[in-house]
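This document starts with one chain, in the form predicted alone, laid out as structure tokens.
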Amino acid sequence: MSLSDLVLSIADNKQMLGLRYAEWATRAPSLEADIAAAAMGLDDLGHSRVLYGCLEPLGADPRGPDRESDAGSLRSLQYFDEPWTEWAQFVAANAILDTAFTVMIEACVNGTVEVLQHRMRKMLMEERYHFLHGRSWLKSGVDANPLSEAWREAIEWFGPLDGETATFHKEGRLSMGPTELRARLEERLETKAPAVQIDWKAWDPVRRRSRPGAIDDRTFAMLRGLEEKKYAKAPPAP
């Protein structure tokens, strides 16, 4: 696994987080939350574009042609496979997963890879509002089940203690490894992670998740631009 694979995972997850945020732009509990969902969605979609742009300077671009037809080739977490049906899922993603991605970006910015230092630094400033929004709603109290799932997937996404994230840390390319990333996330959220069971033998180092699955067909179609093609006029017959 290369550093490009990790950056692609951050990019795919930021893209899906942005899309899921946007789905709540008119469904949140208040007008202010509606506006925040839309704004954060645009931020994360923009961040994903910057991250995709980092792949070529890093070397080999790990994206293949299968991404145009196979939703399972995208490297997003299970948490984003289906649209969220309750506000608690939004809050858990905002407070825990969004912050987990930010912590990983922080590890990239403070590492030794110049392109990541320069291109990701601005994201940390823009993510501050996301963190404050998520923490505010988290303190207001939400259902525990989405929170537990978000914590499990965040820790799983950081990777095993002997995985490539730890190797990148030892090499200096990341300023934090899995242990430090988890501690940093707990520090930011001012709480200890719940006890979680992760089957590292089933963990996929490419998708950074232990369970199979893919985003729903409708979202994948939208992501690939298939909705526009479907409504386009058919070309004239030869």
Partner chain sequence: MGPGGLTHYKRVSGDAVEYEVFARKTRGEPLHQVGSVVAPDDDLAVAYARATYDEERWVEMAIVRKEHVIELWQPGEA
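Numbering follows the first chain given and starts at 1. Keep in mind the model is a prediction, meaning the values are calculated, not measured.
Not pictured, yet referred to below: the form predicted together with its partner chain.
Remark: Arg152 does not count among the residues lining its partner chain in the predicted complex, judged by a heavy atom distance of 4.5 Å or less.
Put simply, Ser69 is far from its partner chain in the predicted complex: not one heavy atom of it is within 4.5 Å.
By the criterion of a heavy atom within 4.5 Å, Asp43 is counted among the residues contacting its partner chain in the predicted complex. Taking non-hydrogen atoms only, Gln197 never approaches its partner chain to within 4.5 angstroms in the predicted complex.
With its partner chain omitted here, the record of contacts in the predicted complex names 83-91 of 155-163, 69-77, 83-91, 109-117, defined by a heavy atom within 4.5 Å.
A heavy atom within 4.5 Å of its partner chain in the predicted complex is found for exactly one of Ala28, Ala193, Leu189, Leu55: Ala28. Comment: its partner chain is not present in this chain, but in the predicted complex one of Ala183, Ile35, Val50, Ala60 has a heavy atom within 4.5 Å of it, namely Ile35. If you take 137-155 and check each residue for a heavy atom within 4.5 Å of its partner chain in the predicted complex, you get Trp137, Gly141, Val142, in sequence order.
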